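In structure tokens, one chain follows: the form predicted alone.
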């Protein structure tokens, strides 16, 4: 019996997409089934829109993807994608979402405290009264940049390709990264934000990227 390679490739691509989406959701303690219980979800810093594409394959139409650049994958699939700079006023009305998820999104790349506060306030504004914001990893870019200045060695390690680091260098990198996590949580509390931190039970993320923040409205 002849093999239909087109169908095989499509199946493998679908499996890869489901796996990638599962990893993203797992990094913030969620599953696709839990996503399906939400009315409207924002994937902030959506990349190539793995979460929305997988959600649609799962029969869900409740995910909106947002990011700086409209990826070709979103165009081809006709996804609900919004181009936006999270450091500028968001293009959503108040209480638009009951869940916002972000993995290595805009807050991970923030350059200043003011920029991070602005994004957090916009996220909270667009959450419904019972909504929540989930972020992974639990360190913000501006904190990491401050630590680069404090620990030049951290900046040196950041510039290295992960798989090229020695075991000693990797352990040192993890130490700095975990300190950045603790400093981020401490700084957010000092700014008056109420949130919780958590570690996902099942994740393939390296140790420095484990853990997430949960903000409730």
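Given the structure is predicted, the values throughout are model-derived calculations rather than measurements. Residue numbers count along the first chain shown, from 1.
Missing here is the form predicted in complex with a small molecule; even so, the following discussion is about that form.
Within 4.5 Å of the small molecule in the predicted bound form, a heavy atom is found for none of 138, 187 and 211. Interface residue among 114, 85, 130, 121 relative to the small molecule in the predicted bound form, by the heavy atom within 4.5 Å criterion: 85. Note on the interface: of 85-93, 122-130, 140-148, 72-80, the segment with non-hydrogen atoms within 4.5 angstroms of the small molecule in the predicted bound form is 85-93.
In the predicted bound form, the small molecule stays beyond 4.5 Å of every heavy atom belonging to residue 21. Interface residue remark: residue 47 is counted as part of the site for the small molecule in the predicted bound form, having a heavy atom within 4.5 Å. For residue 103, a non-hydrogen atom is located within 4.5 Å of the small molecule in the predicted bound form, even though that partner is not displayed. The closest heavy atom approach of residue 191 to the small molecule in the predicted bound form falls outside 4.5 Å.
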